[in-house]
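Have a look below at one chain only, the form predicted alone, in structure tokens format.
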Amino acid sequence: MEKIVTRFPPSPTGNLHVGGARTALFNWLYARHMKGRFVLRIEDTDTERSTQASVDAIFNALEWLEIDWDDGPFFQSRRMDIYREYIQKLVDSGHAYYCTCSPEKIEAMRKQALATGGKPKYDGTCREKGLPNTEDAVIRFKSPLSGTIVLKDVIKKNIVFDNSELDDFIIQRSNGTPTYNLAVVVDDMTMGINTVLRGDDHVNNTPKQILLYQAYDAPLPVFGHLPMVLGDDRTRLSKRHGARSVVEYRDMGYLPDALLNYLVRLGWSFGDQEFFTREELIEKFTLKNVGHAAGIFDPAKLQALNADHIKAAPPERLTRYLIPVLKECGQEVQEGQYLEKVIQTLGTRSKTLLEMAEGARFYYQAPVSYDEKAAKKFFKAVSLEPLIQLIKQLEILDEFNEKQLEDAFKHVMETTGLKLGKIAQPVRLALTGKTVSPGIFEIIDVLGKEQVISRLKKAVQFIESKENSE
């Protein structure tokens, strides 16, 4: 069996967004599942809109998603000699011809066709003239005037196109640059691409591309057109639906595996399973489970899935993604056991890494102030005795394990006659500066003896100062 070769060919005219990322993902997953090759090609022939910043943004997004490529990146702008060679082959074989019709003349013929109920297309004026190459000439492909083209689509099934609907489309502009359809076909042929998976907005380009393959006497790749990703109002996905560029999701604290998991489910299924690891996706992904209906993008579902991936990820894996987010929040941290223990306490309560980073702040910075409402409620004179008693109990501990901590709290409860809740909330506020946090014993275990006692003493001083001033 021939090795599967897929490709992802973004245009560098902006950031990589959800739709493009999903196309890259489907091609990458299929290549990896089939143990084939995945090619990255940058389609940068639009010199006015293509930028290096966009190229860099595409690379950054794919690298963050951990979508790697086996060949490339190839740049169309560096392949002009190849395109010219293949265009000349079509001219020499009689499949293409020079056309000198002016834009004004072409617009007039299209208007005339519309006026008579026809298709607004080129009427073939120069088709049989045998014109030579001139400075203002374009090159057109000589499309068949009758018959049909059958697109055998592995997702949409057979689609039939009537050749009479096509015109003699341009394959080279007057400035010598190739058009999209020509460049794509030449690239796919010369790069050995045998499987083309792309959005179904490309369906109408496919009959022209099939004609070019046939003119070159080249085998057709397998075509599969993916259903579109739409907003909740079933219109083309945009920022107003909550969709953002891939790097924005990274900066918002999403995990790459969560975004991949969500994107693959916008058009592909495996029974009722919703949660997939990257390894499971590679194992299970096939084209037969790609659906026909458009996927509806739901930011809330994406966030819920992100929370599931955060919960499921081992702390040591999360550190690589959390450290940059912590640094953005002003926390310089290092990999290691301390950070992993911090993550363990926050993993079940964080929907995003931004939430986790915010929740982790008190682990790295002692509270400089306390939540005002909480301080009024829990930092009262009655709280002094249990806090002082707890400090004494903690200071004499030779180990700081869960059993000894529980014994210390039990001693304070027995001495003061207070229940755990009455002691825990002032302690929580002293350690974190707020009343919502992971479990009190978890916090104490992570912070360690020295930091816990220091923060408790600071709280005692705060309460004493507050009581003295009232």
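Everything numeric here is computed off the predicted structure, so don't read it as measured data. Don't overthink the numbering: it's just position in the shown sequence, from 1.
A second form of this protein, the form predicted together with a small molecule, is not displayed here; the remarks below concern that form.
Residue contact check for Asp445: none of its heavy atoms lie within 4.5 Å of the small molecule in the predicted complex.
Contact between Tyr180 and the small molecule in the predicted complex is found at the 4.5 Å heavy atom cutoff.
Lys142 falls outside the set of residues with a heavy atom inside 4.5 Å of the small molecule in the predicted complex. The small molecule is not drawn, but in the predicted complex it has no heavy atom within 4.5 Å of Asn15. Proximity to the small molecule in the predicted complex, defined as a heavy atom within 4.5 Å, singles out one entry of Arg198, Lys121, Arg244, Lys341, which is Arg198.
In terms of contact with the small molecule in the predicted complex, the residue from Arg79, Arg265, His309, His202 that brings a heavy atom within 4.5 Å is His202. Stretch-level contact check against the small molecule in the predicted complex with heavy atoms at 4.5 Å: of 281 to 289, 180 to 188, 102 to 110, 295 to 303, the positive one is 180 to 188.
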